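In structure tokens, one chain follows: the form predicted on its own.
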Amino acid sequence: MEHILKLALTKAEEAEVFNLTDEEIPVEFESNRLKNIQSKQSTVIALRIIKNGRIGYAVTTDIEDSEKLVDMAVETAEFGMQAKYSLPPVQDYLPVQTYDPEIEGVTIEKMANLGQEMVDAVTKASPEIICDAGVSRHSASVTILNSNGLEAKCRSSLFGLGIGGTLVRGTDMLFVGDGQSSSRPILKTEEIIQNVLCQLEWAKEQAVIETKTMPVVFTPHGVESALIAPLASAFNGKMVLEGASPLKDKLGEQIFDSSFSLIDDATRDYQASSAPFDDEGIATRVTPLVNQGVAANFYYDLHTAALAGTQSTGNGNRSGGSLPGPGINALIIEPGKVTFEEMLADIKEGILVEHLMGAGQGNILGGEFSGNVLLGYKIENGKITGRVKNTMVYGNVYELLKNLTAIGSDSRWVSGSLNTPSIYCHSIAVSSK
């Protein structure tokens, strides 16, 4: 990497070398059987330069061909975007714990046993169900060097396991599932199994739902599938710059219910999305996006921050070897004090949404969502009475979050990058066939 940096500086004013080395061992189950065990390794080197005031960029998996990489970056700089920023200097990083060496000691045999445990437990409870499951062990190293003296290195680990099941009865298809991820080994499957068995139990009976507005409780998975995409887009500095965010002129204003607070935080030890720095070498931090209902901050990478006349928030994210762009690190919705059971007990008639399908196909930037309830249940007199079918929910995130009935105390991590409790909304449009 030092050689690439030196070579690039003979042809450009500034340069940055980004190196990602990745190793993954996935154990996969399909149709209730162990299907595949393999090891995947990859290395990506990306070079970003500033030449004559423009950005040049190139990426390779061939670590031996430094000259070609530099030449490609120089060629792209001729047509690249104008550089409104300089690459960052040396940073002070928080000591965020992202790697647990014990993850390397989890054998493939143990991983296969964990997957088999989940499959056996779910199929024992429901012999007709067809399950896919996965257990994976992942380690990565990121190194960033630039011409302004920055040298950032981080090693991370990730362990994930989950199961999904499909139960087909005639023309009816039921989908259930759950999973967990962490930078530390996850060696117990009981919580995942219990969540899936609970889904199956609640779905044993089918319930009839009317088309009308009614109370809706979104579980953590339901919150992720229905409400997060519009919020992530609205607080994205790129969307704000382009004038596409409905919050572009709303910082400091009361937008949501005062019980609702949302932060982006990559500094929590051993969480799947945590890191001491982003993919540009900028130190990560806690960024309040919504503080007690008030729009507090947007999130930026170097480029969008420079265009906006502000500083990067440590949200410069790359996909593989791509150019950085503003992206969420780890979203956290602050929990409330109302239990899940208390939410249900308050509802005479409503629905519980576990998974919503297709919610992101509406006008996301406008905050609109509408989707089919892939997995959801009817609530009657405070009790779950059965699964709902052929049902849609639709609404606007900004309207819903402006008048919340309750935020739950049952926070959990979903998909490794979202920590959220259940959210109880008093009135949402529900359509049923």
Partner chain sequence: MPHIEEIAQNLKKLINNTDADYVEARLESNQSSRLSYRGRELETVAETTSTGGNIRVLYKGGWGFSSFNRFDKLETALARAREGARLAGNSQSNISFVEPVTLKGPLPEYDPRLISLKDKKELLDSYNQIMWQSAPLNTSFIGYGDSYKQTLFINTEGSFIDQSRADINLRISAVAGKNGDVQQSGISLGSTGDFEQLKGLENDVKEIADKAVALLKAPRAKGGEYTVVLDPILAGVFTHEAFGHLSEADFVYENERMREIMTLGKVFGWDKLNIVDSGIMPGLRGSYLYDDEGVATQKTYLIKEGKLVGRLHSRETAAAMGEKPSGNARTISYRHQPIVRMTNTYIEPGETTFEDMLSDIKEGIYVKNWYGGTTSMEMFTFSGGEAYMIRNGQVAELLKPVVLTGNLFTTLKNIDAIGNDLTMNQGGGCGKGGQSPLPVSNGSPHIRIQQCLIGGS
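Given the structure is predicted, the values throughout are model-derived calculations rather than measurements. Positions refer to the first chain, counted from 1.
There is also a form predicted in complex with its partner chain; it is not shown, and the following applies to it.
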- Kindly indicate whether K6, N148 and F159 are, all three, within 4.5 angstroms of its partner chain in the predicted bound form, using heavy atoms. no
- Item | Contacting member of P246, P185, G293, P335, with respect to its partner chain in the predicted bound form [4.5 Å, heavy atom] | P246
- Item | Residue (of T385, T43, S66, T405) lying close to its partner chain in the predicted bound form, criterion heavy atoms within 4.5 Å | T43
- Tell me, yes or no, whether G327 is in contact with its partner chain in the predicted bound form, where a contact means a heavy atom of each within 4.5 Å. no
- Looking at the partner-bound form in the predicted bound form, is G164 within 4.5 Å of its partner chain by any heavy atom? no
- Using a 4.5 Å heavy atom cut-off, state whether V96 contacts its partner chain in the predicted bound form. no
- Would you please decide whether E380 lies within 4.5 angstroms of its partner chain in the predicted bound form, comparing each non-hydrogen atom pair? no
- Query: Out of the stretches listed (168-176, 190-198, 222-230, 277-285), which one is close to its partner chain in the predicted bound form, meaning heavy atoms within 4.5 Å?
  - Reply: 168-176
- Task: Let me know which residues along 61-78 have a heavy atom within 4.5 Å of its partner chain in the predicted bound form, or say none if there are none.
- Result: T61, D62, I63, E64, D65, K68, M72, E75, T76
